[in-house]
Structures are given as C-alpha cells and as structure tokens.
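A single chain, nothing else alongside it, follows as structure tokens in the form predicted on its own.
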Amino acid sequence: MFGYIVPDKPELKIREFDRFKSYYCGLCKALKKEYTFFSRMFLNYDCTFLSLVLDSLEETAPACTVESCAFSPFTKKCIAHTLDAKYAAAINVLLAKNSLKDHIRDEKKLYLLPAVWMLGGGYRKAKRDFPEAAETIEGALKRLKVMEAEKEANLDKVADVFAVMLSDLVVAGANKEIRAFRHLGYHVGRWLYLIDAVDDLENDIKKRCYNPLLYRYVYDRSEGPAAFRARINEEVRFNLYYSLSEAAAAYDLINMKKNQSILTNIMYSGLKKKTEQILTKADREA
C-alpha cells in the first residue's frame, strides 16, 4: 500500500486525531511484536485505516495503554490494542516487501536489497499466520506484473486487479461477507491504484517505467510531462472521484459501531483533499 489514506487533520477535533494516532501507534506496536522491529519502518496510513475500519465493526472499545515510543523517546504515546491489529500488521508486511521488490525490479534500486532481506523473517511469519491473505496479494501482484510486461492500456482492467485484491483482504479481515463492505474495499483499492499512478507519473516518465496512464492516454515525449498531466487531469479526476463516491456510498451503508466521526472525515474529506493535492502536484512544482 502507499500511505495515501489520511484524515483531514484540521477538520478533526483534537481528541479524534489523538484516537486516530492511537490506532497508528497500536499498529506500530503490533508490527514490532509480531513481525520484528525492522518491519515498523514500513508502517503506513493505509494499513492504519484497515485496522481502524475492522475495529470499528465491533462495539467494544480497544484496550489502551500509555507507552514509550522508540521513535520519540521523550514522549509517551497512547496505544490502541485491537483484535485486528495483527491482521493489519501482516498485510502491512506482505505489501511492503512486495513493494520493495517492485522498486528493485522496475527502477533498479539495488540499495533496497538489504531491506528486502531484513523483512524476510517477518514476511515468512506473516505468510504462515495468514496464508490466504498472502496468496491473495501474491496472485494479484503476479497478474499486475504480466499486464505491465504487456504494456496494458486498459486502465480499468489494470486497476481492477488491485481493487479486487484489497476488497478480498478487507472482507477476509472482517470475517464476514457484506456486499457494502466488499464494495467499499473495491473502490478504495481502485482509488489507491489510480492515485498512485497519478502521483508517480513524472517519475515513471523520467525512468521509463510502466504506468497505465501513459498507455491509456498515449504519452508523446514531445509534449512533456506537465502538458501531458494537464491534458489528462480532468478525465483522471472523474475516474478518481467516481471511485471515491462509490466508496463513500458503500461506507454509508455499513454499521460502524464506533469511530464514525474519524472515518467520515477520512471518507468525505481526507481522501478528497489528498486527491486534489496530487492532481495539482505539477502546478505546485512548476
């Protein structure tokens, strides 16, 4: 995952943001406990969102403790200990290692090889703990690699693979088949794949890496990255907001037992704000 799913902090109350941080810190502690200290280096907000959503389906509030933090030793943190933290931590590790391997393969970032090696033990344990999740992730990423090798230009077809993967992971974590829940996972996953493609656009052009947008909209190097982004922005914005609206509609149908104000902030404000930040990235950098 990529770390794009964040709340709109200015619109949250202080206690709400503190609670969101308690889930973030709880996932960090779970990574250390279950999958080695080093795996904490790859903690991200997307898996925090997964942990938050799964725990919000339960009425019982998570146990919370105040503990020291290895990354902020002079400040103690409130830690939310949830039943689903181990699952979210495993997904974090499984996705992190595969992401590193992709960077090495596609961008020749050989300096990441030690990180892949250091994640090995945690990765193997995560596969043992959640073999179906590991199979789901590895199968989806293999299909994506085939599409990348074939320079697949059908944007929906490529995004669908990642979207189905995330949908399956969300439903498996909830341990219940709810149509709205699957729809939520699918469209958040589709949005994640597309927003990452938009965010990486200039870098992929520079390094000649596969990006579905370059083939869907036929990039011509004579026009330059900024002009290309300007040309496709409105259609890409429509695609992104379509998935956000579908995800929000599904979210509204789910009975979240707690953390509704935080989740609503993320679904209706945080994701939209992140979308606009990345869509206007070229203008800010110009």
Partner chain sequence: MDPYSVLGVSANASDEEIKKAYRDLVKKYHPDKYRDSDLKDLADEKLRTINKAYDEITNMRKNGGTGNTNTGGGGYTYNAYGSAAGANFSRIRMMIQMGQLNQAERELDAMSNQTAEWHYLKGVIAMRRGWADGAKEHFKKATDMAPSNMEYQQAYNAMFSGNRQYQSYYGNGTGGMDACSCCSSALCADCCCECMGGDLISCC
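What you see is a predicted model, and the numbers here were worked out from it, not measured in a lab. Numbering follows the first chain given and starts at 1.
Another form exists, predicted together with the partner chain; not displayed. Remarks below refer to it.
Residue L155 is the only one of V170, L155, L112, I205 with a heavy atom lying within 4.5 Å of the partner chain in the predicted complex. Checked against the partner chain in the predicted complex, the candidates R179, R128, K101, H81 yield a single residue with a heavy atom inside 4.5 Å, and that residue is R179. Stretch-level contact analysis of 25-33, 235-243, 219-227, 40-48 against the partner chain in the predicted complex, using heavy atoms and a 4.5 Å limit, identifies 235-243. At a distance threshold of 4.5 angstroms between non-hydrogen atoms, D199 is out of contact with the partner chain in the predicted complex. Using a 4.5 angstroms limit between non-hydrogen atoms, L253 touches the partner chain in the predicted complex. In the predicted complex, the partner chain sits within 4.5 Å of a heavy atom of R190. At least one heavy atom of A248 is located within 4.5 Å of the partner chain in the predicted complex. Residues L253, N255, T264, N265, M267, Y268, S269, L271, K272 are the members of 253-274 with a non-hydrogen atom no more than 4.5 angstroms from the partner chain in the predicted complex.
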